[in-house]
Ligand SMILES: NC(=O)c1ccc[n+]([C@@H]2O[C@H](COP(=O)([O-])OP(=O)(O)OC[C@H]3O[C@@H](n4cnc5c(N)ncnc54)[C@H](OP(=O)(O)O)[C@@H]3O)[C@@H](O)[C@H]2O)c1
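First, one chain by itself: the form predicted on its own, in C-alpha cells.
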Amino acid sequence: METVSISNTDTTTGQRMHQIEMPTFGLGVYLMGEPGECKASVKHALEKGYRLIDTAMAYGNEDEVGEAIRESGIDRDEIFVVTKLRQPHANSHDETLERCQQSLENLGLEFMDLYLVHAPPKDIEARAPVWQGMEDCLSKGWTRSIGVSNYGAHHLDAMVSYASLMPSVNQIEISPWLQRPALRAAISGVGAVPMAYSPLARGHKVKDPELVRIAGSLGCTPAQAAIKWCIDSGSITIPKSSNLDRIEENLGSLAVDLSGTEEAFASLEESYVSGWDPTSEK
C-alpha cells in the first residue's frame, strides 16, 4: 500500500512537525449504522489489505471499528485510524480534549493516528480555542497528527492567525465531477494534504456515460476509474462501502493506469456537490 508523508507545519518557523506516513487509500465507514455492519466491513477490508480506516464520532460506529481492529490480529502500528470531532462538539478547548478522550474510549485504542475537526465550528469565536485543544491532543500523544475536514480556503487562511501548527490534512468531497483545483492548491499551500471523501459522488455518478466509456477503454470498472483519478490527483482517498465485493473492487483501483485519459477526466468537471459542504460557510 502506497503512503504519503503528512505533517503539521509550524506557523512560526515553517518547519514540518510530527511527520508520519499515511496510506493514500482506505475505507470510509460513513452511514454504516446497522449492528455489525461496520465491524464486518472493516474486518473484511483489513483481511484484503486495507490499512487506513476513516470513522467519526458522528457516525456512531467507532466502537465497531475498534473491535474489528483488535480482532483482525494485525499489529496496531500497521493500521492508520482516523476519527473526527463532531461539529456540534467543537465549542471550546476543554470540550475538544474531552471528546478526543471519548473517541479513544469508543475505539478502545491508546491513540489515534489522525484527529480531524469534522467541520469549521459554527461559532467563529470557538475556532481558535478548538484548534488549540486539537494541538493539546497532539502534544499529549492522544493522536499522532491533527487536521481538519470541510474547511474552505478562507478557513485555512484564517487559521494562520491563531494556530501554532497548521493541519496536516483537509478532508473534503473530491470526485471527477467536483475536482476543486483551487481548494486543493490552497490545502497544499498550508503544507497539508487533501483527503477525498465521496470519490464516487455517493454513487450518483457511477453510471455517467463518459465515465463508463473511460473505464471501458481502460478495462476497469467505472468506480475503479473514478477512485484512481482521485488518488492520482494527489488526494488520499476513502471510498465508503459495506458491500464486501465492492470493498475488493475498490481496492483494485490501485492497479489502474489512467495514462491518456487526462482530457476525458477534465471534461467531467461540473462542480457537483453530492452531500454536505461547509467549505463555503463563513
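Not measured: the values here are computed from a predicted model. In this text, residue numbers run from 1 along the sequence as written.
What comes next is about the form predicted in complex with the named molecule, which does not appear here.
Asks: Considering the named molecule in the predicted bound form, find the one stretch among 240-248, 253-261, 209-217, 62-70 with heavy atoms no farther than 4.5 Å from it.
Replies: Stretch 240-248 is the one.
Asks: Would you mind picking the one in V190, A126, L109, A201 that has a heavy atom within 4.5 Å of the named molecule in the predicted bound form?
Replies: Comparing distances to the named molecule in the predicted bound form, the residue within 4.5 Å is A201.
Asks: Quick check on this chain: which one of T96, S145, S149, Q179 has a heavy atom within 4.5 Å of the named molecule in the predicted bound form?
Replies: Going through each option in turn, the one that passes is S149.
Asks: Give a yes or no for Q171: in the predicted bound form, does one of its heavy atoms lie within 4.5 Å of a heavy atom belonging to the named molecule?
Replies: Output for Q171 is yes: heavy atoms within 4.5 Å of the named molecule.
Asks: Could you tell me if H155 has a non-hydrogen atom within 4.5 Å of the named molecule in the predicted bound form?
Replies: Flag for H155 set to no.
Asks: Given that the named molecule is not shown alongside this chain, does H89 nevertheless sit within 4.5 Å of it in the predicted bound form, heavy atom to heavy atom?
Replies: Heavy-atom contact with the named molecule at 4.5 Å: absent for H89.
Asks: Might R184 be said to contact the named molecule in the predicted bound form, defining contact as any heavy atom within 4.5 Å?
Replies: Residue-level check for R184: no, no contact with the named molecule.
Asks: Counting only non-hydrogen atoms and a 4.5 Å cut-off, give the residues of 24-48 close to the named molecule in the predicted bound form.
Replies: Contacting residues: G28, V29, Y30.
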